[in-house]
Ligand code: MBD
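This document starts with one chain, in the form predicted alone, laid out as structure tokens.
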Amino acid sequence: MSDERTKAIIGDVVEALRGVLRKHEVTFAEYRAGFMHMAKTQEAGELPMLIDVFLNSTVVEIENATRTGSKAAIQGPYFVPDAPFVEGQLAIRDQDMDLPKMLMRGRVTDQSGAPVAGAVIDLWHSTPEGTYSGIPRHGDLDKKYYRGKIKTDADGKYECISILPVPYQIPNKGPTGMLLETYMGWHSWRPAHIHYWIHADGKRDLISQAYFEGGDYVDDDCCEGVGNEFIVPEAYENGMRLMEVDFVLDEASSPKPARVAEPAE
């Protein structure tokens, strides 16, 4: 962003917040209480998560207004940029080998329907405990588990096996959970889902998710990330839940999201 654009955006954000304070005639005591809650959120390392909960879906809405191919979805804070390349299966812990499996497959094309060969797809999803590998605050699980990069073949097809992810609560024992559950009366659950980040030469990057038809919280996601276009109908193949998702990529002449490392949660 240019300095002028940064200046304009920050100026408008500050003025919008001032407008909210004036509208509700916020008292000094209320202001200080809110200030201290934000300070506690920062101290708990939850500020990136708090921002994502309330604002990620809005930025996606803006992003999708300029897309003519597949729509984007929220990214979330648990992307790891240097996940390993895999062949046909994400790494599964020995203790999880007997858990239900899923088959992720589909096709990546351009807007004319031509296959996009060699597209790199970052895949990641939750562990059976509802955490993510490679995230220090989630434990010491190696980032090779339940995430990885795959490539599309000459026909633009991809296929990869893993275990089924689970619904999970975003951290709800700290200030973010208090804000959601105590002050706002919301819940803190996300439905089971798969993350995708697709990038290919000459194409606009696409960040997306896939949700399971009939899954818990699909109709009530605390992050407002679910749309009908991201819900995959229930189907099975060789005893595995089939998650068949095709992607249509825009040309790179459209703005691309910056691929930056996310703060570790």
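Numbering starts at 1 and runs along the sequence shown. Quantities reported herein were computed from a predicted structural model and do not represent experimental measurements.
Keep in mind that the form predicted in complex with 3-methylcatechol is missing from the display, and what follows is about it.
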task = Using heavy atoms and a 4.5 Å cut-off, decide whether I74, H193 and C223 all contact 3-methylcatechol in the predicted bound form.
result = yes
ask   = Using heavy atoms and a 4.5 Å limit, would one call Q209 a contact residue for 3-methylcatechol in the predicted bound form?
value = yes
query = Is there a heavy atom of Y145 no more than 4.5 Å from a heavy atom of 3-methylcatechol in the predicted bound form?
reply = no
key: Proximity of A200 to 3-methylcatechol in the predicted bound form, heavy atoms at 4.5 Å   = no
request  = Would you check, heavy atoms only and a 4.5 Å threshold, whether V232 touches 3-methylcatechol in the predicted bound form?
outcome  = no
request  = Could you work out which of I170, A119, L103, L123 is the residue within 4.5 angstroms of 3-methylcatechol in the predicted bound form, going by heavy atoms?
outcome  = I170
note = Per contact check vs 3-methylcatechol in the predicted bound form (non-hydrogen atom within 4.5 angstroms), the hit among 162-170, 108-116, 146-154, 80-88 is 162-170
request  = Could you list the residues in 118-141 that come within 4.5 Å of 3-methylcatechol in the predicted bound form, counting only heavy atoms and keeping sequence order?
outcome  = Y132
